[in-house]
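Let's start with one chain on its own, the form predicted on its own, as structure tokens.
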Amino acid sequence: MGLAGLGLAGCGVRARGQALGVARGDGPADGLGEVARARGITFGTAVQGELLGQDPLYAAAVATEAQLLVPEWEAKWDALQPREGEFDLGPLGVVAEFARAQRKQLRGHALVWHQAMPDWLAPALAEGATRARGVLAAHIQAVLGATQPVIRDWDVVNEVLANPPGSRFTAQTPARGVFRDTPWLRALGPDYIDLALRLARERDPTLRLTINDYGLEGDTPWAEQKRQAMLALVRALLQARCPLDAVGLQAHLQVDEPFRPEPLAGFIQGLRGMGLAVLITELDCRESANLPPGLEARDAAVAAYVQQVVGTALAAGCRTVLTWGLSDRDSWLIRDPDVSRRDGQQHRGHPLDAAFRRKAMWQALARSFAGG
């Protein structure tokens, strides 16, 4: 089993710059990936394999703007192992072949998560610790063996921390202490984090191993509590000689959340001081219903907020920035009712608008990279 030979027939990718706003004179021909790379920064985005194969405009935008790709769905458990012991790398192969053809890097998301689980998995975990360890080991062994030639960085564990009391997300996320109450935690306790990282290192000794989580960027009491919980978790893992190379900040931002540079910068510097890389992994930005009317004013508010956060992260030592999609047209901020706007408007939280034109957020990221 492997990714070799899983092609992307008829993807219809146009030349760089064609079918994008750059052809209409709204910016330089270079995409954000090139702008970032000139300053030693990697820019990328999450992608949908189906759109890469069927939508030339989407594929051209990805080819122009991004240097690093992460599959939105194709590397999650329900995509890769829909039935126990039966692995399907076809959808991931589409993304991998696009990355190869366009000379892009590829990272994986995510080996262990409490969502995107196939129907058989939660009942298997509920059978007990021995069964859970076996299932986890088999998945990591098979997936990393197949993807080793093309994926050199994985979100090994995703969203392991609970939301502190007072957070706007608390009611949605049951907790056991500082950890999110999930089937993995119930089956194996907090040691499932250590176990997943060790299994990944054993299977692929040179893979970059990342813990990924959200709600770590703002200037609120609950964001600070979550930052402290992450620092404590990382410190405990390293003291136990658990392999860990990086922490991912999802950065699903919200314009109405207070932000100051100092708390985020101190957090990143603390992680860097422990020898870890720090990545922004899922950047997008939700608008507030209180924003002034008019697209120009809304886009300016989003851009200013994004530039504050990304600029702070880069100045503190972050060198990788990925958005969770490039265009407002294909955003989960529109598809997911839990995060979509309630007033009938649609979030404009990505670098490109629904017609793939570059927006103020694109310019804000370019300025952040240039100043990095």
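In this text, all values refer to a predicted model and were calculated from it rather than measured experimentally. Throughout, we count residues from 1 along the sequence that is shown.
Another form, the form predicted together with a small molecule, is not on view; read the next lines as being about it.
- In the predicted complex, the small molecule lies within 4.5 Å of some heavy atom of R335.
- In the predicted complex, none of the heavy atoms of A129 sits within 4.5 Å of a heavy atom of the small molecule.
- Contact between H252 and the small molecule in the predicted complex is found at the 4.5 Å heavy atom cutoff.
- Mapping the unseen interface onto this chain, K76 counts among the residues with a heavy atom inside 4.5 Å of the small molecule in the predicted complex.
- Only one of the listed residues (F259, W113, W222, F179) places a non-hydrogen atom within 4.5 angstroms of the small molecule in the predicted complex, and that residue is W113.
- This chain appears without its partner; in the predicted complex, the one residue of D204, E72, D299, E97 with a heavy atom within 4.5 Å of the small molecule is E72.
- Residues placing heavy atoms within 4.5 Å of the small molecule in the predicted complex fall in a single listed stretch, namely 105-113, out of 260-268, 105-113, 132-140, 80-88.
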